[in-house]
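There is one chain below, alone, in structure tokens, taken in the form predicted alone.
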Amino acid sequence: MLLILLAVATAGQIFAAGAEKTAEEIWVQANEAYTQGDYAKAVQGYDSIRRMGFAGAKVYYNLGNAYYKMNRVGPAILNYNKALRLAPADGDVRHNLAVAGASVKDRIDVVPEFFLKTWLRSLMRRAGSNAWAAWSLVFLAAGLALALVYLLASRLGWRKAGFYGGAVCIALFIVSLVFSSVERREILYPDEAVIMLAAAPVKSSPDNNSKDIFVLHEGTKVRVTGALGDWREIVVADGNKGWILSRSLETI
């Protein structure tokens, strides 16, 4: 029985190594296709890597670049946003997303929000879930160390430094832990989507016979707030909401 288990484990390791090598080969071929201007072949290669389970920020970023070169704004913006979820501090992704966003037909005025909320969201998205989790451990360790200084130091100055420094570190630990949890939830349960059709009518209710209240175009980002069969309730950045067919959009 032990020999069978070892054989299965070894076979799994060999298969994984082979798959990784294949992914590397496809990556090289896709990059070569991109540099030669064969963007359709590049998309096929990057998408193959994604379907093999090797999707990362670079894969989504290159997919976005290839789609943008093909003038497919919707898939480009979708993949740039996916890359940004995995690498929120990547300046190249942000820049290319802004360039692609300028090609979107819809010009939507964002509803103003409290400046502190905007600042906190911007701060949170400067790092990913794993990075914030790592920072939370650093702040926790620092807080515990400073707590020991407060408890064991004989000088009043050291005790004050330990107390106030420890309090700050514990507060930062809580903030970074919350940021990590929010970022992880957004990755696991995404509620943002991108319109993938050239023009998608938004209706007043989840019914083909209902009234068209406005039309969204390819590349516009929306937030999904509900679902009913093939219909999705969406909210646009300006606060307008309605129902749209699920095939009209793709979740980030």
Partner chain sequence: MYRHRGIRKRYGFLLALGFLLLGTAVKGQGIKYEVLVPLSVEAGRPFNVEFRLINAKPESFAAPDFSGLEVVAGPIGSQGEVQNIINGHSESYEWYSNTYTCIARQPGKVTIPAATVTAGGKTYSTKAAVVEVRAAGAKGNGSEAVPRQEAAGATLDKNDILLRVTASSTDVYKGEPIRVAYKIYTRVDFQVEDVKYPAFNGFWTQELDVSGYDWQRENYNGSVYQSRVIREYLVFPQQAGTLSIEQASLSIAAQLLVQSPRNRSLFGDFFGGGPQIEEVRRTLTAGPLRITVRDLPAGAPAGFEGAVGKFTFDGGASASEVAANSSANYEMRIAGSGNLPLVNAPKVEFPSSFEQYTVKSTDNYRVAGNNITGSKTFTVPFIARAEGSYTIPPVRFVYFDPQAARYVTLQIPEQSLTVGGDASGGASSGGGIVSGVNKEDLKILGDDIRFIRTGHPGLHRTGWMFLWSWQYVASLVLIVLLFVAALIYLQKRIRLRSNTTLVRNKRARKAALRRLKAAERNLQAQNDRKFYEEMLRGMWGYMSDKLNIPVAKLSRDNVRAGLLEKGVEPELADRYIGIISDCECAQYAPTASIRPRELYEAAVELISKFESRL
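Numbering follows the first chain given and starts at 1. Note that this is a predicted model, so its numbers are computed, not measured. C-alpha atoms forming the largest set that superposes within 1.5 Å between two forms make up the rigid core.
Although not depicted, the form predicted in complex with its partner chain is the subject of the following passage.
Enquirer: Which of A127, A147, C169, L120 has a heavy atom within 4.5 Å of its partner chain in the predicted bound form?
Expert: So the residue touching its partner chain in the predicted bound form, by this definition, is A147.
Enquirer: I'd like to know if A55 sits close to its partner chain in the predicted bound form, meaning any non-hydrogen atom pair within 4.5 angstroms.
Expert: Flag for A55 set to yes.
Enquirer: In the predicted bound form, is there a heavy atom of its partner chain that lies within 4.5 Å of any heavy atom of L177, even though the partner is absent here?
Expert: Within the cut-off, so yes.
Enquirer: Can you check whether D207 is within 4.5 Å of its partner chain in the predicted bound form, heavy atom basis?
Expert: D207: no, not in contact with its partner chain in the predicted bound form.
Enquirer: In the predicted bound form, does N81 have a heavy atom within 4.5 Å of its partner chain?
Expert: Judged by the heavy-atom cut-off of 4.5 Å, N81 is well away from its partner chain in the predicted bound form.
Enquirer: What residues of 154 to 174, in sequence order, lie within 4.5 Å of its partner chain in the predicted bound form by heavy atom?
Expert: Going through 154 to 174 in order - heavy atoms within 4.5 Å of its partner chain in the predicted bound form - the hits are S154, F173.
Enquirer: Superposing on the rigid core, is the CA of G53 displaced by 2 Å or more between the shown form and the other one?
Expert: Superposed on the core, G53 moves its C-alpha 2 Å or more between the shown form and the other one.
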